[in-house]
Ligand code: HEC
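As a starting point, one isolated chain is supplied in structure tokens, in the form predicted alone.
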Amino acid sequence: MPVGLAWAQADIFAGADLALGRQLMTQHQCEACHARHVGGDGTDVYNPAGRLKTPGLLRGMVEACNTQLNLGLFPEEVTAVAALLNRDHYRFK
């Protein structure tokens, strides 16, 4: 990681490709799907005070979306999406 871009991240997400996570979220229209389910712009689904209280549960929720929607994401892709969500919304360490 380049100097100056370091940020705390849970060990489960160490080495995750955040650019890939963003690309996959855009490709699979995650925010649009969440907007249909929770209303607004869909970001209310990313509620750090909600039911996801650990990095493992966050990754598991991304895997659940992958499975339910038959997205065909590989494990490292699920981790990349979860790591991006962690960085931008949950901030588990």
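For clarity, a rigid core is taken as the largest C-alpha set superposing within 1.5 Å between two forms. Position 1 is the first residue in the sequence shown; the rest follow in order. Keep in mind it's a predicted model, so treat the numbers as computed, not measured.
Keep in mind the form predicted together with heme C (HEC) is missing from the figure; the text below concerns it.
- At the 4.5 Å threshold, heavy atoms of Leu71 reach heme C (HEC) in the predicted bound form.
- Among heavy atoms of Thr67, none comes within 4.5 Å of heme C (HEC) in the predicted bound form.
- Taking non-hydrogen atoms only, Asn47 approaches heme C (HEC) to within 4.5 angstroms in the predicted bound form.
- In the predicted bound form, at least one heavy atom of Gln29 sits within 4.5 Å of heme C (HEC).
- Contact with heme C (HEC) in the predicted bound form, defined as a heavy atom within 4.5 Å, is made by all three of Leu52, Leu58 and Leu85.
- Shown in the overlay between this form and the one not shown, fitted on the rigid core, is a CA shift at Val38 of 2 Å or greater.
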